[in-house]
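Listed next as structure tokens is one chain, alone, in the form predicted alone.
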Amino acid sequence: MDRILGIDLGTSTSEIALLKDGQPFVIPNHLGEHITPSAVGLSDAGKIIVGKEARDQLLLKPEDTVIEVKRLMGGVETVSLGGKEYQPQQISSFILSYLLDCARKYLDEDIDRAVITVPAYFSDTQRRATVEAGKMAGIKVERIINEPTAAALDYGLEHMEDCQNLLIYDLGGGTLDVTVLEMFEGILDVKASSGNNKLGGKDFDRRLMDYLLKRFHAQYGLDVSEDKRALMRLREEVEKCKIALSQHQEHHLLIPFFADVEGKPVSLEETVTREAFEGLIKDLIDATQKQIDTALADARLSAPDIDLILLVGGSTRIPYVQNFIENALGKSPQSLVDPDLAVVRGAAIQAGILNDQLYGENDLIITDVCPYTLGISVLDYVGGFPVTDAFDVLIPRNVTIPVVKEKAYGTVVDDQTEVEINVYQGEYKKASHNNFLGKFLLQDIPPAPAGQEKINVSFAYDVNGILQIEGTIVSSGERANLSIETTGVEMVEEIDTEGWDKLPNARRFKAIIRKANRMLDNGKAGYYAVEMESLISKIKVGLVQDEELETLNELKDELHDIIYEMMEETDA
């Protein structure tokens, strides 16, 4: 029986494991270490190097070293290594190849199948890029599993008889996931997930780096923010400082010969207190209340319903994170799994399940969810009036997967012979405000009066969290499929607008937003509803992002004109 291994492909570190005698076993790398830095570099001889060797050369050869590539997965941005451009999945494939080579040599056997973990809030594009990285590394990716689900498997293996609601707070080097699940008699039923793909320990490092750079500038009048080598040295010391502050109230940071001032070398030296560090990152951590609230609401649970809070990811070692969660949920989180290894151990358990290595009393069953809302842009009718660019949902977020949903649509003009199907992912009612995933053209529709010819659109979301779309002309059976590219789709970041009304310029816009919301709530907006919601959203986002007042006033005027036009129509 071919062995399937579990891999945690992380932002900061990566690991590989297998199920051995019913228990997960983390395989050491060539250095005998269980944790491998997610770093890729070029050696002096021009060879690809991975892990500690690459991480160690970061200070001396920053232009020949890549870290934190996971944050770029599924995007259009490439990375430079030795003057050559690489796609993020290519860099990730080097990390996977290294881990697989370590496993093959340790086990003395060929390995060509694996389960790879991803953040629960990874998009379809990011998941496809992860599968592509596996293919580039020469393996078949048998399953993509969400990281919090993997951590729950690691916990669940030793708690098969427990019946409880779990909340997993997974804060790693680059991503945040909050997942709510129910565990009963060996079944792990994921209820909901929410997250932020751009928040993690690296952001905390950045805050501390910026603080120290400002202190250095104030002391010496020198800006070193463009000095790559100085920044790499600072990054390394800041990471050590952050780790030390989880155990101690203060840390003395010293970087000798940090820069030259008037021809003389000077050091960067600061004593950083835990209180000062927490002040720098407090708002980032407090903002994760939104993800907690969303996950609980989607799971139709409240904080008192949660029996156990599990912490996963190295960043959950920060005392302020633990205190925040306790205050947010009214109970202390538990460190019942290894925050660094729980995910890869869970991946190994999932691999064992796929390979029929768990059965009888140790049998585990897991269900997972689609964390995003998926749909297409359509011409809708509100109050009898046509509304373009409306987002019609086929798969709501947090539906249990695998799932297949199908809807029928009609042609919109006489003798229409083709239709373009545009697929989006997101929560906005205006389709174009969501993340565009791709499109395809369905042709050869028989000419007929508008609405007579029907088009079936089918969405299939599989256990790997990957979406397949198909369009079918009902009368002829003609079909077309959507092939979403694994690169080239830049995800639009959804901006958190909570607290917009407390911002300095918000008072200029509160009245008109209240008026528009009243019209939306009482159903008087009619076919203007989608455009009104779009403008309200743009104003709030603009306030949060501190856009020019001129731009915001233009949006306000547009909203005012729509309201005035609606009132005139009502009077008429």
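Given the structure is predicted, the values throughout are model-derived calculations rather than measurements. One-based numbering along the sequence shown.
FYI, the form predicted in complex with a small molecule isn't displayed, but the following is about it.
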With a 4.5 Å heavy atom cut-off to the small molecule in the predicted complex, the contacting stretch among 152-160, 198-206, 428-436, 325-333 is 198-206
Contact with the small molecule in the predicted complex for residue 242, defined as at least one heavy atom pair within 4.5 Å: yes or no?
yes
Can you check whether residue 315 is within 4.5 Å of the small molecule in the predicted complex, heavy atom basis?
yes
Quick one: is residue 193 in contact with the small molecule in the predicted complex, heavy atoms, 4.5 Å cut-off?
no
So, residue 352 and the small molecule: in the predicted complex, are they within 4.5 Å at any heavy atom pair?
no
Students should find that, of 174, 88, 375, 134, the residue having a non-hydrogen atom no more than 4.5 angstroms from the small molecule in the predicted complex is 174
